[in-house]
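In the block that follows, a single chain appears as structure tokens, in the form predicted on its own.
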């Protein structure tokens, strides 16, 4: 138990200071609400990820303020790789090169998340609490009390709690206490950083689709300064069924794959291989309850086809901020009123993710179909359709 007699009061507490939480705080900057943004880590802190920052991320931030994207580019000047191309390698070895017209970049989350939090500190009155781990949440008629893991820290109380705390969200566990791991809507992945990768231009992200695995891919993403985020992910159901050791699988791919092995013959591993989980969109997971909203990975808003979720996290964080302001204007925090947020998430994000999940499952195990799609994309009109399909 905490040594404090009473909790510290806020209107809104945002749990998790990653992209979803930071975007939510930025979107609440003119709300007049007392907002706390807390994170279990101390920034700068690493977040295991593929590090791709899709172009919609920047569009959503620019809608809040055009200055945010300019500042973000400035803050990340030494820690990003502006990506213009994606290179897709089919299981049969045929290659498709796609040029993207909208700006995007790759940046290690160590730097990207810190830059977003810098924007929050610069442009909002949000109270940022680092090294604050939430042990549990307790709801009553007055609001939600967040109980810290450390008794030396004060508990917090808010009328509304927004869970932006990732795949292992404590807020989601409070909302959905009996939800188990849905391996059909979950991806397991591993990644490490390398230097000295051959044939790896800093403006190109590489995707390797593999015949040996039903769903998933290997990636080589530049993140700036000659460093590459290299990883491999597969659907958790396949990982469990085949008892795959993904760290071993990645090492084998880099050592034996006919296209990867030459590129990594002289490469230097800068970090150990580490693993992470990705709750995929299309699962129909609940994203709201009385006085609670979920955003980003906590709401299972990861693209099932490509595996990225930062753009969806930022978008959902902004939608949650809009809902928060509606709640305080109406002085309603019940589940029925907060259902409007769930409807907006479904309309603007969920439907697309459900379609992409179905496409991912349709392609799973059909290496011949991936080979055919890459080959057919030599024709410009088919290429345009493929680009729209993969986002």
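Quick caveat, the model's predicted, so the values are computed rather than measured. Residue numbers count along the first chain shown, from 1.
Missing here is the form predicted together with a small molecule; even so, the following discussion is about that form.
The chain is drawn here without the small molecule; in the predicted bound form, the stretch among 152 to 160, 260 to 268, 87 to 95, 297 to 305 whose residues come within 4.5 Å of it by any heavy atom is 297 to 305. Of the heavy atoms in residue 125, none are within 4.5 Å of the small molecule in the predicted bound form.
In the predicted bound form, the small molecule sits beyond 4.5 Å of every heavy atom of residue 228. Taking the partner from the other structure, the small molecule in the predicted bound form has a heavy atom within 4.5 Å of a heavy atom of residue 276. Although the partner is absent here, residue 50 is a contact residue: one of its heavy atoms lies within 4.5 angstroms of the small molecule in the predicted bound form.
Only one of 208, 213, 194, 132 comes within 4.5 Å of the small molecule in the predicted bound form through a heavy atom, and that residue is 132. For the options 235, 81, 321, 310, the one in contact with the small molecule in the predicted bound form, meaning a heavy atom within 4.5 Å, is 310.
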